[in-house]
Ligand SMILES: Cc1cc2nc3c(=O)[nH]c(=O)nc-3n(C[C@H](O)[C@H](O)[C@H](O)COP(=O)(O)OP(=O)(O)OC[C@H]3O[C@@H](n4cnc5c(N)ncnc54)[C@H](O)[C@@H]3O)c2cc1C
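Just one chain follows, in the form predicted on its own, and it is written as C-alpha cells.
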C-alpha cells in the first residue's frame, strides 16, 4: 500500500476500503476491484475526502445503484465513490415539490409521491436505479423523462465545493445531459402535480404491469443495453438483424427483450462486452445503423 492510500485509510477508516470487489455493487454482479472504494458517512465527510485527494491526480468514478453499469474484469484504477443510505432521504418541501437525496431509489420516490397525492412521478417506479444516476442519464420511459420534473440539483465539484444548478442551467437530451463528469450530485428538487392517491396508484400500477409484460425481471442485467435509434427501437434492430440468439460464454440476450443482455450465471465482463460489440457490428452490417450504448462500461482495459 502506497503512502497516499495508507494515509486515506487511516483518516477515513471503515468508510474506505482498498481493493474492494465491485461485483456486489452492480446488477450484472460483475467486475474487478476498485483501487480505493469510498462510501461517505455524510456530506461533510465527502467534502473532506474530495479536498484530501484533490492534489493526488486520482480519477473519480461514481457508482449509484449499479443498475446500468458494466464494470470491467480488471477493476477500476483511482477512486470509486458510492453514496449510501445517508444520501437517500426524501422530504416534502411544498405540496407538490420533493427534495430527494441522490442515492434514493427511483421506485421509492414514486411511492413517496403517491402517498402524498403527487402525480407525474409514476414513471419512476419503472426505472431501476437511483435519482442521481437517473438525472445524469435523463432516464425515462413511457413518454416521461426526469428532466421534465426537475427543478434543480445540488452538487459537489471535484474539490468539494457545493453548488446548486437550476434546471435551465442544464442541457438535457435523450439519455444524457451536459452536467460535468466531475460533478457529484447530492440531491435534487422534483416537482409533480397534485392529484388523488387513487389515481396516482392506478397509473403507477398500469406502468409497472406494462413493464412486467415486456421486460425480464429478477435476472443479472444492466437494463437497456443500447439507446433507441430515432427511427427504430434498439430491440427491433437487434431482432431483425438476427442477433437475438447470440451468446458468448455465459453472456446471452434475453428471450423476453432483445435489448437486455444477461449474465446467465458465470459470465465475465469481457463476455458481455464482446457480445455487445458483436451485436453492434452485426446490426451495422445489416442496417447501416451504429447503435449507441445506454449502459456505462467503466474500468481498466487490460
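None of these values were measured; they are calculated from a predicted model. Numbering follows the first chain given and starts at 1.
The same protein also has a form predicted together with this ligand, omitted here; what follows describes it.
Figure note: of the listed segments 214 to 222, 158 to 166, 112 to 120, 92 to 100, the one touching this ligand in the predicted complex, with heavy atoms no more than 4.5 Å away, is 214 to 222. In the predicted complex, this ligand sits within 4.5 Å of a heavy atom belonging to residue 296. When this ligand is considered in the predicted complex, residue 185 lines it closely, a heavy atom lying within 4.5 Å. This ligand is not drawn, but in the predicted complex it has a heavy atom within 4.5 Å of residue 260. The closest non-hydrogen atom of residue 50 lies beyond 4.5 Å of this ligand in the predicted complex.
For the candidate set 243, 248, 62, 58, a heavy atom within 4.5 Å of this ligand in the predicted complex is found for exactly one residue, namely 62. Of all the residues from 130 to 145, those having a non-hydrogen atom no more than 4.5 Å from this ligand in the predicted complex are 130, 132, 133, 134, 136, 137, 139, 140, 141.
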